[in-house]
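First, one chain by itself: the form predicted on its own, in structure tokens.
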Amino acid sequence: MSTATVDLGPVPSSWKRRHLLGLEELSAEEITLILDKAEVFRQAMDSGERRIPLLTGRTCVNLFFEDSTRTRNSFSLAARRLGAEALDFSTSTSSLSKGETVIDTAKNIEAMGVDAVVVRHRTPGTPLLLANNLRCSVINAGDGPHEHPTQGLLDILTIRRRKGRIKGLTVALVGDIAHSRTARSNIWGLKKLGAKIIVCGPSTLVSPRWAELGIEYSYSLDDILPRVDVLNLLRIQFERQYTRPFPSVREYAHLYAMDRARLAKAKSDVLILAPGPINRGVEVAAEVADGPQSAILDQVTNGVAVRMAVLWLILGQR
């Protein structure tokens, strides 16, 4: 397939954002626009197109202060497939170890002629801080437990491709809701597109205050299973916890792991998602993760398409 068959047209005039900091700030129309453009890129990828040089001459830097496999590699691949230069920043060999601030580090990188910074940081609000201090575009790749907008978008795209719609579906987010940036981005995006959302997990990780936002909460996965169209199984983020939220991993798996027995209680066409990295036997059993209802690897593929769409919308308008 030639690049001429990738029909995106110009960046729509309705898209006016220089940054992508979270889904909370986006409208339903903006979210749908990203999904629609990501669908075009996904179809191009499925047709064998690996090079769509729409951003030739642009430069993107991955500024990651936390470990990442899927997100960082996905952004790098997305930029290169669009013809942009992609640079990975390593905190272990940077001047941060000498006392340089995050802002000064980012400004020095920007001064090298960078068009976009993709940032991941343990502190919520870091992408916003950089957006307020840099002239280049800033894309949030995860800021602590706050938001992870492209993960939310790829999850929603996966649901839409498998189910054909978002509105009217019941989506359960199961696990460590308290510390999950993925959960928050999913909640903002899904709610704006008309899905019903249930957050489920131990009482130490699921606050009843979610009800104030019109979101159902439950402490029992077995109780909600028959009603759910999509299950998004979130990792327990021990690295963000100061106290153990439940007695043991074994007990958590007994109550919340999606296994063959629980799958039998769910709808026959229930869709299983997991943002990764997955812990087999904790959040999800191997036979479910690798089964026909699982779209875990499809999420990864959709992640490249979503990040291509985001980069094109942000950088292609200038």
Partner chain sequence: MRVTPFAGDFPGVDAGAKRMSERRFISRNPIPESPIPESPNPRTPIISMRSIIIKNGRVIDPSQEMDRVTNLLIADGRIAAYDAVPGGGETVIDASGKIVAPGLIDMHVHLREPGFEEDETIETGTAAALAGGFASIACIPNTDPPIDTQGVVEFIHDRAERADNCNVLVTACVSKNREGKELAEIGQLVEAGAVAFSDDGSPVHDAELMRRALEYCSMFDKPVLSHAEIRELSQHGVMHEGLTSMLLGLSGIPAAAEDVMVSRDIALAEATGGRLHVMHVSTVNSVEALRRAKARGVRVTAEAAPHHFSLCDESLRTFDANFKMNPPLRGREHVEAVIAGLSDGTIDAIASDHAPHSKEKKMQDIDRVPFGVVGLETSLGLVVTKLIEPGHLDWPAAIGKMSLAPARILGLDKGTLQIGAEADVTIIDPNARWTVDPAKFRSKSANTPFAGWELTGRAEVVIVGGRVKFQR
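Positions refer to the first chain, counted from 1. Fair warning: this is a prediction, and the values are worked out from it, not measured in the lab.
Missing here is the form predicted together with the partner chain; even so, the following discussion is about that form.
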_Among the candidate stretches 204-212, 73-81, 159-167, 222-230, which one is within 4.5 Å of the partner chain in the predicted bound form when only heavy atoms are counted?_
204-212
*asked:* Counting heavy atoms only and using a 4.5 Å cut-off, do 267, 293 and 299 all touch the partner chain in the predicted bound form?
replied: no
*Heavy atom within 4.5 Å of the partner chain in the predicted bound form - the one residue of 193, 128, 109, 87 that qualifies*: 128
*Should residue 135 be counted as a contact of the partner chain in the predicted bound form, where contact means heavy atoms within 4.5 Å?*
no
*Using heavy atoms and a 4.5 Å limit, would one call residue 121 a contact residue for the partner chain in the predicted bound form?*
yes
*Does any heavy atom of residue 101 come within 4.5 Å of a heavy atom of the partner chain in the predicted bound form?*
yes
*Going by heavy atoms, what in 162-191 lies within 4.5 angstroms of the partner chain in the predicted bound form?*
184, 188
